[in-house]
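First, one chain by itself: the form predicted alone, in structure tokens.
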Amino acid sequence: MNKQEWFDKAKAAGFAAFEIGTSRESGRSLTWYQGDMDTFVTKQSASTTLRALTAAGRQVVITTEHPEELDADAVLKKMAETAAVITSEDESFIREPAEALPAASKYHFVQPEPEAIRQALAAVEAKLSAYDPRIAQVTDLEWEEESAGKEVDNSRGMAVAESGCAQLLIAGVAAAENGEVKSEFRVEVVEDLASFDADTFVKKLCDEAIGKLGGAPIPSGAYPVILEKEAMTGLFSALSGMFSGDLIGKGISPLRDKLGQAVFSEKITVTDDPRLPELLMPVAYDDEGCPTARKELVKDGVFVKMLHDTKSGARMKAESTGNGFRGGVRPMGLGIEPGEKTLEQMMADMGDGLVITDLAGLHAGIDHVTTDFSLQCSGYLVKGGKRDRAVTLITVAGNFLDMMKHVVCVGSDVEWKYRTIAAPSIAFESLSIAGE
């Protein structure tokens, strides 16, 4: 598509500015089942978003997968007709170009040949099956590769482009004993299959699955609780919208009217950094072409900054924070800063209590305005500072904002892997558990 031609015709049609955003994704996946390749799929997709801005600050947006088939004159005429009937009072913007340093991931991926993938999956499956008699089945085994890129060009001179890639190995197992079956899965970022440590991967996955066996409820009550990093990340992710300036401005965030106030324990600092090297695909620009940067959102428990795209920032008389991604204002590299203690040290300090490793119902069991939650969960008891038996069929309930004011310790075990939101294990004074 001739972008300059679109820019020229948009100007002739009376638009103040015009933007063309393109995103591309490609990849391949190979699944393995019972000693043989089950599926081998390649994928490739692209979409182009055209955004026209009127002199009055109203925008019209269309998205297509086949921009080469569009007639520019006809499309621009339709966009002008649509702009004439827009009644929204929100002003939109197409940005001027701004420079940013490149953002680089710490990962350096070496793409393997299909045969190397097959051999690796076969070896992992054999190791999983032979690890322990209680591993009854390898339920999932998959290799995933993805490449993604984006371009943002506009009539004001912006022309930015970024790309990235990722490789993941995914496996799941079912552990069984005395008629009880428990499942577990694990996702691993693999830079180079030639140096992949299959034995460590297998041990971690199988030990977690076996550790769930023999679980039972505990009596209802208030317990000292550690939300292990996976569970804490899940809960934190589900409520990450609270930092959106768009939702705060609309009055539907639990942090509305709380800027400058203590909202969490002083032990908690929250940052958002789309440039974080630990991300699979860090970005120097958001989808509006705004440079990204590291921001402290909560500093020692005090809410100090919200996230904005260009529109929400203008609405609240603030600048964009570089968080204008597809779907609106979104974090990209949102994390709770880790502490210094390992999970084992936190358990030793707790003495007796409960570690929650899995939360279910994160979409249905949370009120995103009040942050009240009631979630099915599982984990294990801690006695004398050591891991005891598995716990299952219980429910944890509380209020996230209140819970985050009663933090005992923040762990050191934050793990990004494939995530854009992450949290370490966190110990809390007590949470309400419904069990026996």
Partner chain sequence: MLEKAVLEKYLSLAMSSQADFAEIYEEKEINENISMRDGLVEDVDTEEIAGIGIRLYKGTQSVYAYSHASDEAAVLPMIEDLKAAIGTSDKTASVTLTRVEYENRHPVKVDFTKTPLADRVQLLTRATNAAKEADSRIVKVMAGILNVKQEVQISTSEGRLIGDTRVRTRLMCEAFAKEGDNLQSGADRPGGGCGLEFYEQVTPEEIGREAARGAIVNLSAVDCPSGRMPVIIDNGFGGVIFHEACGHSLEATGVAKNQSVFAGKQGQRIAAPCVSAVDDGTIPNAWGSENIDDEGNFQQRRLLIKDGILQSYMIDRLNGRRMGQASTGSGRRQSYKYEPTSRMSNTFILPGDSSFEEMFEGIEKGLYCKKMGGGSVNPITGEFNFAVREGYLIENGKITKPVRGAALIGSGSEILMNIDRVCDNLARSQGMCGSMSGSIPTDVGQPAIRVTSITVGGTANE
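Residue numbers count along the first chain shown, from 1. Note that the structure is a prediction, hence the values are computed from the model and not measured.
What comes next is about the form predicted in complex with the partner chain, which is not displayed.
Taking the partner from the other structure, the partner chain in the predicted bound form has no heavy atom within 4.5 Å of any heavy atom of Asp207. Proximity of Gly411 to the partner chain in the predicted bound form: non-hydrogen atoms within 4.5 Å are absent; the residue sits far from the partner.
Although the partner is absent from this view, Pro112 stays clear of the partner chain in the predicted bound form, with no non-hydrogen atom inside 4.5 angstroms. Contact check for Lys182: a heavy atom falls within 4.5 Å of the partner chain in the predicted bound form.
Screening 151 to 159, 277 to 285, 130 to 138, 234 to 242 for residues having heavy atoms within 4.5 Å of the partner chain in the predicted bound form returns a single hit, 130 to 138. The contact residue chosen from Ala194, Ala98, Ala74, Ala364 relative to the partner chain in the predicted bound form is Ala364, the criterion being a non-hydrogen atom within 4.5 angstroms. Taking the partner chain as it sits in the predicted bound form, the stretch 35 to 49 comes within 4.5 angstroms of it through a non-hydrogen atom at Asp36, Met37, Asp38, Thr39, Phe40, Val41, Thr42, Lys43, Gln44, Ser45, Ala46.
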